[in-house]
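First, one chain by itself in structure tokens, the form predicted on its own.
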């Protein structure tokens, strides 16, 4: 007589071979994930399903990535092994309340909603394994930072998440939701902060007579070059790298002194804290 697999183990084996992923919500973040999963051959387009409150956005996603369309969330949940909640945070509670009974204990639910805590999700979906996950937009080019925190300390669950998202960049399991908030602000929102700085860079260069396309190229290559140099200089701290481009009483030193007098660090820290505060406000609002 052949030994019987437990339902959970049978599901894990199925998942390892060919799992189906469903996205409830097909906005920008969901599309970035879908694009990364397909282009990095994590899954085939035929393994991905989507549904969206706005039919036009769903249709565009289906046509762009050749994924499957579901007319409603109930059908998607019934079909998929992994369900990604990719709607806006303020829409999530109302959206999943009528769907809670549709989930089963073997499914993995991945929430991309900022501010919606594991505790809040567990109250609504107590029968499932839940992941809070936050990718940033460089995941589109496989250079993302993808942080996650789980409600189940299960090594097989971690393996599934890392198998899915390693091709999209640096995957990091954080210890708790305080760290998850810090990762969201510094890496996801932080990408926007970097673009803001780059805009200032480009504007200054253009003011010195460079064409916009040249000024943009100069800006991008400066940020890219500095990042790659830091990435390839593992034995050097950022302070060490800064010291190597700063000579005493030189041009760089003069600019750095002005940045410090203007308390740029304080301004950036304040921006990080304001973003973190908004994250906490979202949790209260929902």
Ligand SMILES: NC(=O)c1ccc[n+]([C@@H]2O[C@H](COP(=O)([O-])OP(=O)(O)OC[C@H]3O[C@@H](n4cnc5c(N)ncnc54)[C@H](OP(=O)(O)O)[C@@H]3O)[C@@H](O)[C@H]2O)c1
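Positions refer to the first chain, counted from 1. These numbers were taken from a predicted model, which means no experiment stands behind them.
Below, we refer to the form predicted in complex with the ligand, which is not included among the displayed structures.
- Taking a 4.5 Å heavy atom cutoff to the ligand in the model of the complex, the contact residue among 38, 70, 62, 30 is 30.
- None of 54, 233, 246, 222 but one reaches within 4.5 angstroms of the ligand in the model of the complex through a heavy atom, and that residue is 54.
- Shown alone here, residue 88 lies within 4.5 Å of the ligand in the model of the complex, counting heavy atoms only.
- Heavy atoms of residue 134 reach within 4.5 Å of the ligand in the model of the complex, making it an interface residue.
- Although the partner is absent here, residue 21 is not a contact residue: none of its heavy atoms lies within 4.5 angstroms of the ligand in the model of the complex.
- Shown alone here, residue 95 lies within 4.5 Å of the ligand in the model of the complex, counting heavy atoms only.
- Contact annotation: the ligand lies within 4.5 Å of heavy atoms from the stretch 106 to 114 in the model of the complex, the single such stretch among 208 to 216, 164 to 172, 122 to 130, 106 to 114.
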